[in-house]
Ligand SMILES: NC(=O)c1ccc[n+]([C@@H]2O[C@H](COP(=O)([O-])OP(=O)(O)OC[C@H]3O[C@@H](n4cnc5c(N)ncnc54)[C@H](O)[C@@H]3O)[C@@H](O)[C@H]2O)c1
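Take a look at this single chain in structure tokens; it is the form predicted alone.
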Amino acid sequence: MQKQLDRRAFLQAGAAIGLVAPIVAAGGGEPGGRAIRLGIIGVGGRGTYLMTVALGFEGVEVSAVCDIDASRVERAAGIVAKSRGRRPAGYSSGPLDYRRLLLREDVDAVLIATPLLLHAAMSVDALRARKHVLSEVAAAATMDDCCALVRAAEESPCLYMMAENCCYYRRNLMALEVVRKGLFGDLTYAECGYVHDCRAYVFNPDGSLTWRGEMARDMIGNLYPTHALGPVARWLGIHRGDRLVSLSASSSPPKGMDHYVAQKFPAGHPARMIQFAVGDTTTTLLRTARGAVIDLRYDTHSARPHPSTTYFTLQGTTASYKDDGVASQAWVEGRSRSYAWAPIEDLAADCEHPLWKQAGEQAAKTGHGGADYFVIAEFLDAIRTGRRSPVDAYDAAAWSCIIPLSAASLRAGGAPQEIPDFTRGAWKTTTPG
């Protein structure tokens, strides 16, 4: 969608025409043997790219595209026309025009790639319209939105998936295989972080704030938890034998953006007057029901080079793993050749994940180290087979609720905050899959 879109105005406009009321539309459900027909909501850089990845799969059509920016809709429609020989319908008549897209009978599923604060409301509307949903991250930014998303997913016959691509990095999936083989023993600790110098993404060329900048101005806490937490949650079996139960957060002062603004904008510029709320680094300690501890860091305003945006550590009773964003190393008791770190690829012979065995060559041609390919592939496969969503609404809510709960902890001086059991006990009996 457009570079800036005020969430409060969006929701007020939606309430005026019944945004939160169920939408009844024909179609939806399982597409059977015919092509899966996608609607793309948000065709900026990320949405357009994911659309092109989806068009690389057989049996996929794009029947409609939507964005507040009409030029983006035109560009995306041209890409589809070149790929498929016909233009999709276009929607660009305002922030709620995506709801007309949801009424189309020739849309089976939607890909939502709008600003973060809009993901939940759009996902809920799409699920109520009986459309399968693939939503960019994070899934929601408030506790109310997290709960609404879970309810909508439970009530809808359609599938919801959060597009957390970091879960599909080859090294992260290899670590998952090592865990599933039992080589870590009992898992006790994980460390992970999203550390990415995003200061250049805070301002538009005219000096106004982007949606990322508005979040940094108005919000505190970990504003982007799922890239780091997603792979760790999979390793620890969150919602598949364990769950997140509490967190406590602390934060450093917001000094990085002040320095950046002083360097970028001259004295007297309106940008100099903006006071950013989010701290440079927010660290959140989480506990699971089985007693594991997760140290989760978020930092997007510190000056630093970043060969990668995420890092990971995993500790068990019989193995250790670390990934600094450049190289991944592991040590497994009784299996490693020496008492020293070694590349995790040394275990690849029997620890390569099945997804990478089957489609690694095709995946490597897409972005984020091939992870984007698997996000689309898994979404399409789950629709066609009817299997459980790889990253379902329970996962999406638990990983995303770190945003409001870390803020609540900071406002309470670091006091622990309870993380709801979105599954209502089902995590105890659900198995990995």
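Given the structure is predicted, the values throughout are model-derived calculations rather than measurements. Start at 1 and count along the sequence shown; that's the residue number.
Quick note: we don't show the form predicted together with this ligand, though the next part is all about it.
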In the model of the complex, the one of 116, 363, 198, 347 near this ligand [non-hydrogen atom within 4.5 angstroms]: 116
The single option of 355, 147, 137, 174 touching this ligand in the model of the complex, heavy atom within 4.5 Å: 137
Proximity of residue 45 to this ligand in the model of the complex, heavy atoms at 4.5 Å: yes
4.5 Å heavy atom contact, residue 368 to this ligand in the model of the complex: yes
Close approach of residue 211 to this ligand in the model of the complex, 4.5 Å, heavy atom: yes
Non-hydrogen atom contact residue 165 with this ligand in the model of the complex at 4.5 angstroms: yes
Interface stretch in the model of the complex with this ligand - options 102 to 110, 219 to 227, 79 to 87, 316 to 324, non-hydrogen atom within 4.5 Å: 219 to 227
Partner contacts in the model of the complex for 65 to 94 (non-hydrogen atom within 4.5 angstroms of this ligand): 66, 67, 68, 69, 72
